[in-house]
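As a starting point, one isolated chain is supplied in structure tokens, in the form predicted on its own.
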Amino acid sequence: MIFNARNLPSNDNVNPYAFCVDVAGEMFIQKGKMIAYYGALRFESLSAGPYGALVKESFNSPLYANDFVVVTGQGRLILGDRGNNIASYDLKEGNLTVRGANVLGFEPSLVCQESTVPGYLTLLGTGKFLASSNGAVHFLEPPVRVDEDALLGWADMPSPSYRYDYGYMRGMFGMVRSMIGGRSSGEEKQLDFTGQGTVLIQSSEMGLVGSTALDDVLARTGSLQQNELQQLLSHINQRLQQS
């Protein structure tokens, strides 16, 4: 099928990997995710003078300020994210926390702020936002424990706590993996969700398609404890000395 400005879906998926947004005013989107558009749209950095009041009201996330732009005007905007799945979510006086790298865009009627959990953004209020994932997204009711690599976010509930399986970590495979600096698994460390609300998970334990190994490492450092950061620094120094 050949699409044009008239037959594109309205605020819906073109396919699982692309989404068409009807822009009528202003919207925040992640840099580099526009793949096409119809109409008269402008893309401006958050630091642009005319948008100071908008950013002050809706975007309270300085660590992510360079990752987003403001779209203004009238038109139809098609977003994509390197072949990852894209879905839209409608909040009604809600509170939803999502992995920061996965937030593609949101309406300025929502307030975006940094979560108390490093690496995540919290969206508050009423409006639509878009997020990407490696595979389809599923919704779980707590209490539930989740592999942090598969976690996309959580809605209307307290932040999770970490749960470690010390028996597994002290086992032979855990010891070997720790010594060689290998990737941990969900059997060793999970996020524990309790209370009322909804947990969002993606259908994969891998990061977004197209992200580099460095992107994955940087995304994970925000959730590391001090002793884990020290281990990471020690491992990096060893690798630097070997090279």
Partner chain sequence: MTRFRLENSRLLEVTLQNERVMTRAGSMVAYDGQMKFEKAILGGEGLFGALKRRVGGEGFDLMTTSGTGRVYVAQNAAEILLVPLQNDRIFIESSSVLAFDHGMRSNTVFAGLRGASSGQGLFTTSIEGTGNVAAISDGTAIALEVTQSEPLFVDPDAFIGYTGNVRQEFVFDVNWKTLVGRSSGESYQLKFTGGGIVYIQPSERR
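All values derive from a computational prediction rather than experimental measurement. Positions refer to the first chain, counted from 1.
The protein also exists as the form predicted in complex with its partner chain; that form is not presented, and the subsequent description refers to it.
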| property | result |
| --- | --- |
| Stretch in contact in the predicted bound form with its partner chain, which is absent here, among 92-100, 75-83, 124-132, 111-119 (heavy atoms within 4.5 Å) | 75-83 |
| Val69: touches its partner chain in the predicted bound form, heavy atom cutoff 4.5 angstroms | yes |
| Gly39 within 4.5 Å of its partner chain in the predicted bound form, heavy atoms | yes |
| Touches its partner chain in the predicted bound form: Ala18 (any heavy atom, 4.5 Å) | yes |
| Contact label in the predicted bound form: Leu54 to its partner chain, heavy atom within 4.5 Å | no |
| Single option in Pro50, Gly32, Pro62, Gly195 placed near its partner chain in the predicted bound form, where near means a heavy atom within 4.5 Å | Gly32 |
| Neighbours of its partner chain in the predicted bound form among 143-162 [non-hydrogen atom within 4.5 angstroms] | none |
